[in-house]
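Take a look at this single chain, the form predicted alone, given in structure tokens.
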């Protein structure tokens, strides 16, 4: 390689939002480059045309930007090694393929899917692992042209050397793969586009990638990549395979978890006669056959996430957060999520947990990465998010809340920054941003939106012969004339009522809360009534008194 600068890359496929495990890989690459004054490259691997989703690359870019993971080269960031979309690099792959064909390290093949299925079944019957039978002699370009003319699918396969190979991994050490473990795999598909294994090697070479940090699930692919590098006569980057991200129960954290959770919820609802198969079909708008296949776990792809979300709402199921966007929509701070995922499989040492981005960069090194899978503890993430929210300056919370409120179409998105800042400060102690709406959102809706909780009315207002209602009745004229209408004045007024009547704070404040919010939960009583304003406060109390 001509460059001595460390160069690492994150190369997602545009098939949807960024998985949190992918975000962890991106973060580790980013930190590694920043720690070593290297270059972090973002490359979009979009050659699998059938799986690409229109607009998905922008979703990935948005997710990375939200997390604060910025690249030195990539889409929208010019560099000397672009373009950074694989779909724009076809000539490079074609040239590399021709080199392998010319050297005899690759060859044409034109088996149909049916013919390959027969070979696999024969291997299964013989209880031997399937390996593609390399033809002898190898097909020529003329043979490939004739096959195309006959309408047969023509691919290019790599001729895997019959030898053992040892991969040195910067985390796992030396890993040896025995001779004969790999068969001759496809490097160029019948549509002319390279497979992942071929494109990634060509791109890493041309972009002068020095280090490849990726998930351990790719370890088995690395021999293929090294064999191709040797055949092309190009350098092999250093590999470091990162531990996988598991759920707390030890299962792999996957986007399928969303389907799994909703599927079980729908099945339970059907079993309890709260939902019928016909209703499931109607909700999704899918065919009954598609719904049946989805329910029987035969194909998650039968239903889109929009359809799954409709079923989740109907069945009362909370869809687990899996993608970065899920956590953004759920009201987590990006700095909290970033802090949390960096600790999955990596340790800063010294029992430290809360880390800023600069501290992560300062402490990051490959020798602190674990070999075993890390667990995604959602309760720990919630606790960490609470800590970050509690410590965040008001201005930062306002920025984060506005982003969340806009994504969720919350009515509180319309609040001005000053008011929103006061609301957020009054709700300090919340775990996620939706908690703020749960606590204070009703104060910014119309008066007739208040729905009185029956248990709260019974316990706070009607109990003891309607003591709560009586308290409201006595407070109403005094609140009408209270001056000034400030949090301090209101708090002082409530305190004076308690002292003059011998009442407890809850005997005064809680009836007011139920009257104005419908339930005994809101910010401090002074803040609550200031957010409402005098007119809305009095109107809601009068409306509440009509509940007697």
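What you see is a predicted model, and the numbers here were worked out from it, not measured in a lab. Numbering follows the first chain given and starts at 1.
Below, we refer to the form predicted together with the RNA, which is not included among the displayed structures.
Chemist: Contact check in the predicted bound form: 218, 383 and 510 versus the RNA, with a cutoff of 4.5 Å between any heavy atoms. Do all three pass?
Modeler: Checked in the predicted bound form: all three residues contact the RNA.
Chemist: Quick one: of 100, 317, 420, 343, which gets a non-hydrogen atom within 4.5 angstroms of the RNA in the predicted bound form?
Modeler: Contact with the RNA in the predicted bound form is made by 343 alone.
Chemist: If the cut-off is 4.5 angstroms on heavy atoms, which of these, 275, 437, 186, 360, is the one near the RNA in the predicted bound form?
Modeler: If I apply the 4.5 Å criterion carefully, the residue I get is 186.
Chemist: Whether residue 197 contacts the RNA in the predicted bound form should be assessed with a 4.5 Å heavy atom distance threshold; does it?
Modeler: Residue 197: contacts the RNA in the predicted bound form.
Chemist: Would you check, heavy atoms only and a 4.5 Å threshold, whether residue 393 touches the RNA in the predicted bound form?
Modeler: Although the RNA is absent here, residue 393 would stay clear of it in the predicted bound form, with no heavy atoms inside 4.5 Å.
Chemist: Considering only heavy atoms, tell me if residue 489 and the RNA come within 4.5 Å of each other in the predicted bound form.
Modeler: Heavy-atom contact with the RNA at 4.5 Å: absent for residue 489.
Chemist: Should residue 226 be classed as touching the RNA in the predicted bound form when contacts are defined as heavy atoms within 4.5 Å?
Modeler: Outside the cut-off, so no.
Chemist: Look at the stretches 304 to 312, 403 to 411, 186 to 194, 76 to 84 and give the one with heavy atoms within 4.5 Å of the RNA in the predicted bound form.
Modeler: Stretch 186 to 194 is the one.
Chemist: Taking the RNA in the predicted bound form, which residues of 351 to 390 have any heavy atom within 4.5 Å of it?
Modeler: 351, 353, 368, 370, 371, 372, 373, 374, 375, 377, 379, 380, 383, 386, 387 sit within 4.5 Å of the partner.
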